[in-house]
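Only one chain is given next, in structure tokens, and it is the form predicted alone.
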Amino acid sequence: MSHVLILGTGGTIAGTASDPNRQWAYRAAQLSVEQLVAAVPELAHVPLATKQVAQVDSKDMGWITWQALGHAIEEAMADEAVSAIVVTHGTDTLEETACLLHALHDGRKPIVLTAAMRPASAPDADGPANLAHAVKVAKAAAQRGEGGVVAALAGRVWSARDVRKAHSHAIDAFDGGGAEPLDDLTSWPSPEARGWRVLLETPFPPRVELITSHADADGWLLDAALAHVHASGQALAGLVVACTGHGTVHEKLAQAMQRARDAGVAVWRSSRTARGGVQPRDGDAWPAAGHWTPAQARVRLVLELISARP
């Protein structure tokens, strides 16, 4: 019998607090994915399988955990019994993982990410409802032959291409950066099908850092990074600048960006604003990251640099 595979990575959805009066003082990634499923009565008779891929607070997400997730997804793609995949995740870096999966997935089966803003021990825990919704979305997508990547959160479904965390603590914390949520009549955006090998066969990704433009941004941090590179011999391969407005940067930071580019660093512009991103324009001095958030743009630049390696 075909089933939905639920891959657990930790996060607040698996978090618990010891004091019922201080639910904000919880520890993420405490419950197993099996425990999460057992807490949702609606899933009792749904054909499911579970696998614990990782157990991390998503603020600590990184390449090693992404590789473990990639291996699990690749295995599920080859398993004819798996019809769809749900990934339980933390909210803090969900947009980065969604962006990565959108870039790599070949679209053979639907992947649905879900998360929670309240720990599992909270009286208003949102994880059980989000998990039940994610499984429902995954099953329906498999029946329709859909094969992209989405996030199911607070009763809405967002494309992995658009989803981002827009509120620091509200239950309904996610939006699409101006894009509308998906519904039953909306086809999922096709993933880019770069392939899992980009992730799985790269033990050490190129170093790409983030820096922000702001009032009085004089490039001091960037110059310090370049000095460290020179002194340590470590490589800084890329830089994403979270710019003001539609990709503008302080003139002194722009000078430091030029010094970085002269040193061989790939420099992209994103925006620190909530919506719109940085769209390319004729005559741009610096590449624009499009609609991606700064954190997503960093993931994209890492992938571009890997692809450019000889």
Ligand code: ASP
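Quick note: we count residues from 1 along the sequence shown, nothing fancier. Owing to the predicted nature of the structure, the values given are computational and were not obtained by experimental measurement.
Keep in mind that the form predicted in complex with this ligand is not shown, yet the notes after this line are about it.
Student: So in the predicted complex, is this ligand close enough to residue 28 to count as touching (4.5 Å, heavy atoms)?
Tutor: Yes, residue 28 is a contact residue.
Student: With a cut-off of 4.5 Å between heavy atoms, is residue 91 one of the residues that contacts this ligand in the predicted complex?
Tutor: Although this ligand is absent here, residue 91 would touch it in the predicted complex, with heavy atoms inside 4.5 Å.
Student: Residue-level question: is residue 12 within 4.5 Å of this ligand in the predicted complex, judged on heavy atoms?
Tutor: Close contact exists here: in the predicted complex, residue 12 approaches this ligand to within 4.5 Å, heavy atoms only.
Student: Given that this ligand is not shown alongside this chain, does residue 59 nevertheless sit within 4.5 Å of it in the predicted complex, heavy atom to heavy atom?
Tutor: Yes, contact at 4.5 Å.
Student: Please pick out the stretch from 187-195, 235-243, 206-214, 113-121 that is in contact with this ligand in the predicted complex, where contact means heavy atoms within 4.5 Å.
Tutor: Answer to the contact question: 113-121.
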